[in-house]
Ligand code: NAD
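Before any questions on how it binds or moves, here is one chain, the form predicted on its own, in structure tokens.
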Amino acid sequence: MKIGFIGLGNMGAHMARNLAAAGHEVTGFDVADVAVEGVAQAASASEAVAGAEVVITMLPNGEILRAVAAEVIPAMAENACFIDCSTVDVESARAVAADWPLSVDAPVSGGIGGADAGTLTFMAGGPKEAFAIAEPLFDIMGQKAVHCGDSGAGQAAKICNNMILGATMIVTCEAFALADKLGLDRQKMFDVVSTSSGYSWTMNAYCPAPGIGPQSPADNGYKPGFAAELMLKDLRLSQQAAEAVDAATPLGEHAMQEYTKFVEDEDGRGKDFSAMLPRLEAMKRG
């Protein structure tokens, strides 16, 4: 396929490279003017999508997505498929779909490592015919793609998933901080919790305690695999959506408040979201 790829940041660059390595003709554009192996560089977003059968975007937020869509849609081929892999608000995803019906909102899970290795999970919303076009590309960039429903459903799935992730990471860090003060060895706590009812992805696969469990950002000075500010963004999206549909999400709201303090008032920006652990270790009750 001839693919136009807009947004070659930490995630998009790996995704575009993997598509090119699989034999697709990929032309990319990013405002930072980055070079990606195997990907031709365009001078503008509209130039990148000219003649493309598929247009893929990986952008920071809904406002930028809407602006990019407004620029590239007039330049797109008539039957091209628009695939947005950004994590944005549901309304922005639906607004793009209204302007270009053959579109898929397909945010991802798996972080930079998953983008590099081609093991992302895609949560997709949009018409079945658009998903059918996108699915072979998802198979290259990831290990799983789920068609969640109509336009906006992919974004809804992503923000629900990450609301769980954010809240679960906080309580996992709280448990380690409590274990420390109770004199419980971290490895012993992990051995118990990871094989009993406290099992979770944040404990078993992404443990926030250095030297415990599989390798994670905690073992690399909390250099981000998934930055705290990105978790805050997703939690804010979850609460924006919850407010729009009058859904009660008290723990999701509390998680957002805690990450807001960590990122905006403390030293969390630029650290992995699991760096909640050293933060909580230093705190006292109340």
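Here the structure is a predicted model, which means the values were calculated and not measured. Residues carry their position along the shown sequence, with the first being 1.
One more form of this protein, predicted together with this ligand, exists but is not displayed; see below.
Thinking of 18, 122 and 146 as one candidate spot, does this ligand come within 4.5 Å of a heavy atom in every one of them in the predicted bound form?
Verified in the predicted bound form; spot residues all out of contact, no.
Only one of 228, 48, 255, 58 gets a heavy atom within 4.5 Å of this ligand in the predicted bound form. Which one?
Contact check passes for 58.
So which of 80, 156, 108, 173 reaches within 4.5 angstroms of this ligand in the predicted bound form, heavy atom to heavy atom?
The option sitting close enough to the partner is 108.
Flag residue 103 as yes or no: does it have a non-hydrogen atom within 4.5 angstroms of any non-hydrogen atom of this ligand in the predicted bound form?
Residue 103: no, not in contact with this ligand in the predicted bound form.
Contact between residue 193 and this ligand in the predicted bound form at 4.5 Å, heavy atoms?
No, residue 193 is distant from the partner.
Looking at the partner-bound form in the predicted bound form, is residue 7 within 4.5 Å of this ligand by any heavy atom?
So residue 7 counts as contacting this ligand.
With the partner left out here, check for me: in the predicted bound form, does some heavy atom of residue 68 sit within 4.5 Å of this ligand?
Output for residue 68 is yes: heavy atoms within 4.5 Å of this ligand.
Determine which one of 80-88, 212-220, 198-206, 180-188 lies within 4.5 Å of this ligand in the predicted bound form, judging by heavy atom distances; exactly one does.
Only one stretch qualifies here: 80-88.
Can you tell me which residues in 1-35 come within 4.5 angstroms of this ligand in the predicted bound form, by heavy atoms?
Heavy-atom contacts to this ligand in the predicted bound form: 6, 7, 8, 9, 10, 11, 12, 29, 30, 31, 32.
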